[in-house]
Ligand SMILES: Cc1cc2nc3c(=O)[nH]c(=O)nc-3n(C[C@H](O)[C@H](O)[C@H](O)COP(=O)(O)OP(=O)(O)OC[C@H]3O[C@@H](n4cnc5c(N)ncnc54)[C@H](O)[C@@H]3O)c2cc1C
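Here's a solo chain for you in C-alpha cells, the form predicted on its own.
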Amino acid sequence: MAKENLPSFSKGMFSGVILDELVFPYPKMKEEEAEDLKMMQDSFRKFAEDHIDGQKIDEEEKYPDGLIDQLKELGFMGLSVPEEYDGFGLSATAYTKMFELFGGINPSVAITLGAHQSIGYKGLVLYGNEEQKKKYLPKLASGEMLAAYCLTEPGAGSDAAGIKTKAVRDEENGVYILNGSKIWITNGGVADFFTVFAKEEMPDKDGKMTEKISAFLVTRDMGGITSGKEEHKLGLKGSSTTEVFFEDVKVPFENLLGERGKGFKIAMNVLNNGRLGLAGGSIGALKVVMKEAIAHIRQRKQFRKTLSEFEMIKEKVAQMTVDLFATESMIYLTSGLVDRGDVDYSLESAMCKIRATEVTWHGVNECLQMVGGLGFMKEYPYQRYLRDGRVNMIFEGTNEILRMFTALAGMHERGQYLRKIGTALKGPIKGFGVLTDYATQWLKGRVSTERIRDVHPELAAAKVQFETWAKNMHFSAERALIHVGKNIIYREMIQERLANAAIDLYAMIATISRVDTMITEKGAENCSVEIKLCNTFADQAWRRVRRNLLMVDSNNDREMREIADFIVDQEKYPFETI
C-alpha cells in the first residue's frame, strides 16, 4: 500500500490552507488505460443487453441461472486485483468508471460486484502479505471465490467499535477460535471468502490485557460458518443479503490481516476506498434514469406543447445536470487523488459518497415526477431505481455518520493547534514560541494560502466565491472550536452545517478545476455549456455555504433539541386541530 504522506486538500481547507497543487490541473486517465476501459465497457454493455433484465431480477428477487458464472468468465470479478495476481489492476479512476456503468445497467448486479471487490477483498489488496495475496487473490480475481465484508452486527452498525464477535488465540494449535455473527452482509449467502472484524484480548504497551479489533481472512471451508435466510429488501432484490454466523471457526494465525489490534483502521480504510465505487454507481443510475425521462418529456404533449417546453420541467432538467456535473467532478478529482498514491483522501471519498447518493436519490425522484403516473408503474424503471438507490445513503457509513466524520476529522488538526495556544496563554513566557508561530502562520495564511492559482476569466467569479467562502468556513470552524471546545463532538447540528459547507466547497473547486483544465485543452469557445454549468453551480453553492456558516453562530438548535425530546417522551405526534 502506498504511503500517504501528503495532507488532505479538505483538511487543509478547514485549517485555512488551500493546497491548490492537489486539485489543479484536473486529473486525466492515461490514454492506454482509457482505451482498455472503453473495450471493457463495451463488452459489459453487449453482455448486459442479452443477459441482464432488471425488471425480471426485481420481480423474481434473484439472478437468472448462470449470470454470476458468466460475469466471472468475462473477468469482471478481478477489476481491482493487481495484474501479478491475475487481475486487471485498474486504477481507481477506471474502476470507478466501470462501477458507474454497472450502476446504470443494474444496481443489484453492481452491488454484488462491489461487495466482492470494493470491500470484500479490498483489505487483502491493501494490507495482505505476499503469501496471503498469492494464495487468495487469483481465486478472487477469477471468481472461483466470491467475497464479502463482515463488519456490521446486531448491536454495532456505524459504531464499529461496539462489535461483539470474538477471536480467541489458541497458541497450542496456532489458530484463532472465531465466534459471533454479522448482519446485512451483501453476498452473505453466496460468498466463500470473508473479511471479518472481531475483538481479541491482547496486551497493551503496559502489558495490561485489553480488547482490540483485529481483521481476519476467513473462508467457508474452515467450517463453522453458516448463512441466515435471504433478507427481503426494499430494493437491490437480486443481490444476496444475509446474516452470517461464525461458530468455533478455526482461523489459522497466518490468516490474520495486517497487525493485531489494527482492525479498526483497516476497516475504515477499506470503506474509504469502497465509497468511490458506490458514488460512481449512484450517478451511473441517475444518468440512465435521466435519459429515459428526457425521452418521455420530449414526446409527451400537454396543452399543445411538449413537457420539455414547460419552465418547471426545464428547471428540473437543468438542476439535475448542474448537480450531476459537479458531483461527477468531485468523484473523478478524488479518484485522481487516490491514483497519485501519496495523498490522504479519506474526507474527499466520504464527501463524494454523501453527495452522489443524495443527488441520485433526489434526481431519480425528480425524473419520476417528470414522467407523471407512469413513473409509479412497475413496468417502467423509475420506481425500481428509486428503491434500489435508497440504501446508498445507508451503505458504507450512513450519510449522517459521514458528515460527523467530515466535520470532526476536518477540525481535528485545528483543534489540536488551538489547544496548544490555550496552554501557551496560561504560561506566556514558556509559550511565547508557540504564540509567535501561531501569529506568523496567521499572517502568512491570510496573504498566501487562501488563494488558488489564476483560472480562465470566464471562471473568475466562481474562483472568488470559492476563496471567500473557504476562508469563511475556516473562521466558522475555528470559532466553533473556541466557543464549544471539546463538546463539539456532541454538537452534531453544527457538525452537519460545517460538513455541508465543506462538501459544497470541494464540489466548487473540483468543478472549477475540471472546466479550467478543459478550457486550456479545448479553448473557451468550445466549452460554453461547461462554463455555464460551473458558474451556475458555484453561484448556488456559495449561497448554501453562506447559509450553513451563518447558522453555525446563530440558530435554533436549542429549540430543536427541546422539541425532539418532547416528542420522544410523548412517543408520538401529540397535536390535534381543534
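We number the residues from 1 along the sequence you see. Just so it is clear, the structure is predicted and the values come from calculations on it, not from any experiment.
Although it is not shown, the form predicted together with this ligand is what the next lines describe.
Checked against this ligand in the predicted bound form, the candidates Glu254, Glu400, Glu259, Glu84 yield a single residue with a heavy atom inside 4.5 Å, and that residue is Glu400.
Note on contacts: among Ala110, Ile185, Ala502, Met508, the single residue with a heavy atom within 4.5 Å of this ligand in the predicted bound form is Ile185. Highlighted residues Cys150, Gly157 and Glu492: every one comes within 4.5 Å of this ligand in the predicted bound form, counting any heavy atom. At the 4.5 Å threshold, heavy atoms of Asp323 stay clear of this ligand in the predicted bound form, well away from it.
Remark: Asn269 does not count among the residues lining this ligand in the predicted bound form, judged by a heavy atom distance of 4.5 Å or less.
Under a 4.5 angstroms non-hydrogen atom cutoff, this ligand in the predicted bound form lacks Lys135 among its neighbouring residues. In the predicted bound form, at least one heavy atom of Thr241 sits within 4.5 Å of this ligand. The candidate stretches are 392-400, 293-301, 93-101, 122-130, and the one lying within 4.5 Å of this ligand in the predicted bound form by heavy atoms is 392-400.
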